[in-house]
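Have a look below at one chain only, the form predicted on its own, in C-alpha cells format.
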C-alpha cells in the first residue's frame, strides 16, 4: 500500500458523487462524501447546491441501468416512492419540429422529482457502512505531496483539519473549483469548450383533473429555430405532474402565475395548454437560466496529478433540455467501477489519469447531440458550425422527418436520444436507406394532436 490511504474522498453529494462513492466503496475500505450543503435525511427537500432541482429531469434507461448496477434495487425503490416509468415516445404526445412522432417503443425513461432521486440515492448508499457523508463541509483545496494528491483541505463546523485520501474525486458540479486547485499545484488550466443557446426554463407542479380522459402519459412540444418555444408535461411522484416551459432569447418563459398559461397557449400546439387550463397549480413557477453546455477538458492535459479525478458536471455539463446529465453521471460512475475492478488503492491512485479519460469518454456522444442541436440556433454562443456540422444538421432534419412517418427510424432516433444506441446507429446503411426511402423536405408540423393511435412496440 505504501503511503496511499485505503480511503477515498468524493466532493459533492449529487447523482455523480453518490454513485461514484458506491463504485469506490468496492475497492476502498472507507469513502467519505464531502458536501457543502446540509443534507436532509427525513425526506426529499431542496438544497442550494442543486439549483436546477425544481425543473424537469429525465433519467434514461441506460443511466438507470448503470445506477442499478451500483445500487441494486434502486429502480424498485424509486418506483415504490412514486417515480413513473415511461416508454418514449409511445407514452407521449411528442411534437418534433416537423411532425408528431408515432407512438412506438423507443427508449425507457424514469421520471420523478430531482429531490426524490437525490434522497433515495443517499439513503441507499448510506446503508453501506463503508460510505460516510460529511455535510456542511467546504473543500478549500487539495493536499499534495510527491507529485500526487493525497487528500483535501476542509472548512467545516466539525473540523478544519486536512482529510487524507488515496483518491480524491471532484463531483461538485457546476460550482467546481478544480481548475483553481490544480493551478495552485502548478498544473495548467484545461481547455474549455462552451456553447450557449441562451435557453431558460420555468417549471411548476400541477394536479390534473382525475376525470380527464387521456390517451397519453406525457407531452413534449420541441423548440426549433423558427419557433424557440416549447413545453413538457410529465408525471412525477405524489400524483403530481411537472410542467416545464422552455425558450430562449426574447422567448424566455415567465414565472408569474398570470403569464404561465398564456405562454403555454402560445406554443405550436394547444395540447399542453388544454391539459393545464383546468389543472390545479400546486407550486409557484421556478425559473432556471444556467443552461450552457460546457466541457472542461481535463482529460486532455498532458500533466495530471495522481490521485485526482473530475467527473459529472464539474467535468462536462449539458443543456438540460436534452435530459442527459444524470444519465451521463451514472455512466461515468459505472465506468470508474469497471476501470478499478481488481485494483488496490495504490494502483488506483497511480491510474488516475486513465480514470479521468475513462470518465470523460462517457460524455462524448451526449456532447455531440446537445451541442449539435444547440448550434441549429443562429444566436448560439460558441464556435460557429463548420461545413460538416451544417451537413449533419441537414441530414438529421431529414432523419427526423422520416421518423415522423417511419416506425423503425423513430425507434432508432429515441434509442440514440436515450443513449442505448450510439449516434452512429443513424448512419448505418440500413438506417440511411430508410431515411432515403422516405426523403422529404422538412416542413412545419401540424398543430393539432394526432388521433389516438394503437400502441405499437
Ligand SMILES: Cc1cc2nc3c(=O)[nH]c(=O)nc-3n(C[C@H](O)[C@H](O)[C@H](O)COP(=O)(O)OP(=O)(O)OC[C@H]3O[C@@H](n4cnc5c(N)ncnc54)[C@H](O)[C@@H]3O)c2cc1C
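Keep in mind the model is a prediction, meaning the values are calculated, not measured. Numbering follows the first chain given and starts at 1.
Note that the form predicted together with the ligand isn't included here; everything after this is about it.
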Using a 4.5 Å heavy atom cut-off, which of 100-108, 248-256, 305-313, 266-274 contacts the ligand in the predicted bound form?
305-313
Please run the contact check for residue 92 against the ligand in the predicted bound form: heavy atoms, 4.5 angstroms, yes or no?
no
Using heavy atoms and a 4.5 Å limit, would one call residue 37 a contact residue for the ligand in the predicted bound form?
yes
Would residue 139 show up as a contact with the ligand in the predicted bound form if we use heavy atoms at 4.5 Å?
yes
In the predicted bound form, does residue 173 come within 4.5 Å of the ligand, counting heavy atoms only?
yes
Name the single residue among 241, 181, 220, 260 that comes within 4.5 Å of the ligand in the predicted bound form, judging by heavy atoms.
181
The unique member of 151, 148, 190, 320 whose heavy atoms fall within 4.5 Å of the ligand in the predicted bound form:
320
Going by heavy atoms, what in 10-30 lies within 4.5 angstroms of the ligand in the predicted bound form?
11, 12, 13, 14, 15, 16, 17
